[in-house]
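In the form predicted on its own, a lone chain appears below as structure tokens.
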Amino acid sequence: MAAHPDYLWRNGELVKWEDATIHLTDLAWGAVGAVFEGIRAYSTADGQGLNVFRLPEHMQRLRDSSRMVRLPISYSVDELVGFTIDLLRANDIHQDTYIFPLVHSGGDMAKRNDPTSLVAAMYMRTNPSATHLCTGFTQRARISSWTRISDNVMPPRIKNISNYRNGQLANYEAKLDGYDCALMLSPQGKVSEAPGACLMMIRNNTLITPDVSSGILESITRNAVITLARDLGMDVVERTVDRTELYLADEVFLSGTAAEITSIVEVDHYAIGTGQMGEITRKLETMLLGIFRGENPTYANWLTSVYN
């Protein structure tokens, strides 16, 4: 396997990997306000094709995030979708892949404190990222001592690079304490999300998840899982969630682009349900993997085919 792809995309053009350079000072403090997307592409069941999951929705969120940090980008959603397909084709990618577009401030460093003079620059890269769905992957979590940022501190509903330092500190703490991941509470003491992933729990056959005013990212995968649960006939409730509700839940799992669906089998040394991945979590991850591979025509509109 090659150490890197042949091409990146930058400011409207495909660029050879070795030519994709900028001066160090072009980022520096300009990266503080940068926004990004995490997008996944999956090989088809026959291994020949490639599907990008909810690509237009991700690119719309990138535009929304850019607008929020006052770095609006001129490209339309359709143009961004086209650039993504061009990059995947140029690199001849047929394997499960993570796609990372980033928008940062460019132009004159001296004008970066003037919101009327901000100029957006953008690049996009890809790297292999195999799915863990249906492999039995589970994690143990702890409630972090770090509090999730609130909407009046920085906007948690968008993918701002600066936001992720908050969750990174929480995950470092959890791993140093012997856990796999962290779960974060809002300033109001309610369950918010995990670093980089939304949280869902099952209790009495109802899917319960913190609402969008609980300091969570407006997650595209979360929205997909809610849709799948409802299509399975489950009740879905979006509301504030207490910490101790997690301890008594039948099942707990994370959802997100990187997390996909990740079963949480223990929180703060409380076993969740049987202490193993739950039946509903397993059913949802199986459904999601089938969708990613293009095997479920009901949700074909969630996929953008790269080679058709």
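The structure presented is a predicted model; accordingly, all values stated were derived computationally and were not measured. Numbers follow the displayed sequence, beginning with 1.
This next part talks about the form predicted in complex with a small molecule, which is not shown.
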Q: Would you mind picking the one in 198, 229, 120, 201 that has a heavy atom within 4.5 Å of the small molecule in the predicted complex?
A: 198
Q: Report the residue, out of 51, 263, 65, 255, that has at least one non-hydrogen atom within 4.5 angstroms of the small molecule in the predicted complex.
A: 255
Q.
Using a 4.5 Å heavy atom cut-off, which of 276-284, 255-263, 43-51, 236-244 contacts the small molecule in the predicted complex?
A. 255-263
Q: State yes or no: in the predicted complex, is some non-hydrogen atom of residue 217 no more than 4.5 angstroms from a non-hydrogen atom of the small molecule?
A: yes
Q.
Whether residue 144 contacts the small molecule in the predicted complex should be assessed with a 4.5 Å heavy atom distance threshold; does it?
A. no
Q. Looking at the partner-bound form in the predicted complex, is residue 104 within 4.5 Å of the small molecule by any heavy atom?
A. no
Q.
With a cut-off of 4.5 Å between heavy atoms, is residue 221 one of the residues that contacts the small molecule in the predicted complex?
A. yes
